[in-house]
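Below are two forms of the same protein chain, given as structure tokens: structure 1, then structure 2.
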Structure 1
Amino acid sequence: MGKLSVQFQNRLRKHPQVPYILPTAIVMLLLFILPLVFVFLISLTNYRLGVGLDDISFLGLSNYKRLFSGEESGFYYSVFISVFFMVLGTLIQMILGMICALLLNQRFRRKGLVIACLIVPIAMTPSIASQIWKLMFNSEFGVINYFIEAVTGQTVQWLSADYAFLSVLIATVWQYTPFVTLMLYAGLCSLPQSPYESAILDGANKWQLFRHITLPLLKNLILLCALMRSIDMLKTFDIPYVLTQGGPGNATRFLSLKIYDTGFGEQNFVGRASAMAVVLIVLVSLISLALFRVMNKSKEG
């Protein structure tokens, strides 16, 4: 015991950070690693809700073969619209967020009130925001159709198969663009002024200042915002579930909703749903890795 305690003390001297990192590592193990391992193990079985342990059998990679062979109807479509929704939604949020941040970076009265208003959508839970948008998208009594009918004399069936994807996109962009705006605004406020002063003396216009100074200095922050929003958009669930429940048909059946319907809907195939969840985790990890590599290359450059 004495030798062990001496060895333990020597290791602590060599690695003094271990006592501080260990509690976080234990929490991460319990809340992230173990559930991830559990989901992967379940994806290798035929487990269904309500089935006893004696009826569970090991299937190996059969659930994954079912997904990628096309036997699981709607899987590839769910992956496609999830990725498309992520790319389109993130791009719109980044563009609108940058425009709003640049406007917010100007001097004007009541700026604090504007910032407070921007915090309101972020503070709302997605389910509450979705209920509000569901009322506004109502084809008969919604306020959006009221103004459209007043101008054009026609109404739009916002939650129909033709417009459901657009409706989910609008609600999502509305709720999360303020987050991007405030992050980019904070970045703009922290930029040094000397490069701008030198460029103005050399005759640079506003577009040249933005392109050659602002964007390069904010590049890492922009990539970080894009990473955070891409991950959230890819695993979106709350807003499409409340607005459309994945319908009509498969119009908004994103991969997260497909997982929910397969595992906890009418089918209760938890094993198959777990395999889809693993695919979603892999997609998120690949996108995160790609953006991290871009960030590291920009730092090296």
Structure 2
Amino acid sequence: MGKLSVQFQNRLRKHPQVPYILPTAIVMLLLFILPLVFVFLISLTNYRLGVGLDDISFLGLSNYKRLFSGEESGFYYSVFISVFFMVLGTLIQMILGMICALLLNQRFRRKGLVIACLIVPIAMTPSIASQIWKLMFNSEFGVINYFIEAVTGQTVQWLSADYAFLSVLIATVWQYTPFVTLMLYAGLCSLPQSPYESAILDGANKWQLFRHITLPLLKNLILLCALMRSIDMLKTFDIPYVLTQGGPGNATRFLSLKIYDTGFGEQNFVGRASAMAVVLIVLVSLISLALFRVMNKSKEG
């Protein structure tokens, strides 16, 4: 017994990180890996909720074949708009977030009040907030059209096929930009002063300061934010689910909504939905891997 305990202590000395990491690793194994394996297994069958175990048959890769052969109508379109939404949405959130952070970083009174306002969208429950947006976007009785009509005399059909994508984008940007803003503002606060002072002595203008000092110093933080936002944008669900339910037509049927439509609610084709989920997971992994590479490179460089 004593011998074993010595051995154990030696091992611990060699790998001191183990007791720190173990609890997290166990929890994540249970909550992440297990469902992941499960989803993959289901994606190989024609499983539906309510079908007896005997009626489930193993289909091999046929669910995947359906997806990639274009037999599943609108699948490629879903992938396309999901990626497009991610790129566009992340870009807008990062740019707007940076602008707001720079504004916040100015000297002015009542800064606390402004930050409090920014916390509101973060704190609002997404499922309720999107319902309110739906009410505001209503083309006949919405407050947004009420304002637009008062100014221009025209109205916009916010939830029609042409504008639904834009509406989802607006609500998403509203809800998640403040998080980016606060992170970037915090970053700006902690920047060292000395490089700025010497650059000002050299006669640099504001844009040059931003371009050559602020951006490089914040690069990692920006990339981390962008990475987190891109992943969340690809998985986007709550807001389009409430606002448009994927419609009209397929205008806002993002991959996550397509999964939900196929696997839950009225349709209940869990096997097919799982195959799509696996595709989504692979897609998100590839994109996050790529961004992570960029991050690591910039860390080393």
Partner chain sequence: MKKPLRKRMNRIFLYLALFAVCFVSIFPYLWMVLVSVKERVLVYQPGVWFFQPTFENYKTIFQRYDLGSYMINSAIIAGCNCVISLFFGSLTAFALARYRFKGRKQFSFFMLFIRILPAVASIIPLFIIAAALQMLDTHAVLIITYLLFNIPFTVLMMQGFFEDISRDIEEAAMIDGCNSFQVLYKIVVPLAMPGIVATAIFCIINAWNEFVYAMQLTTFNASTVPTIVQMFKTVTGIVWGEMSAVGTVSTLPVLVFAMLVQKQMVRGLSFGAVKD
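Each residue is numbered by where it sits in the sequence of structure 1, with counting from 1. We call the rigid core whatever largest set of C-alpha positions still superposes within 1.5 Å between the two forms. Predicted, not measured: the structure shown is a model, and the values here were computed from it.
Of the two forms shown, the form predicted in complex with its partner chain is structure 2. Core-superposed comparison between the two structures: CA of residue 282 displaced by less than 2 Å. Once the core is aligned between the two structures, the alpha carbon position of residue 19 differs by 2.7 Å; this is the C-alpha shift at that site.
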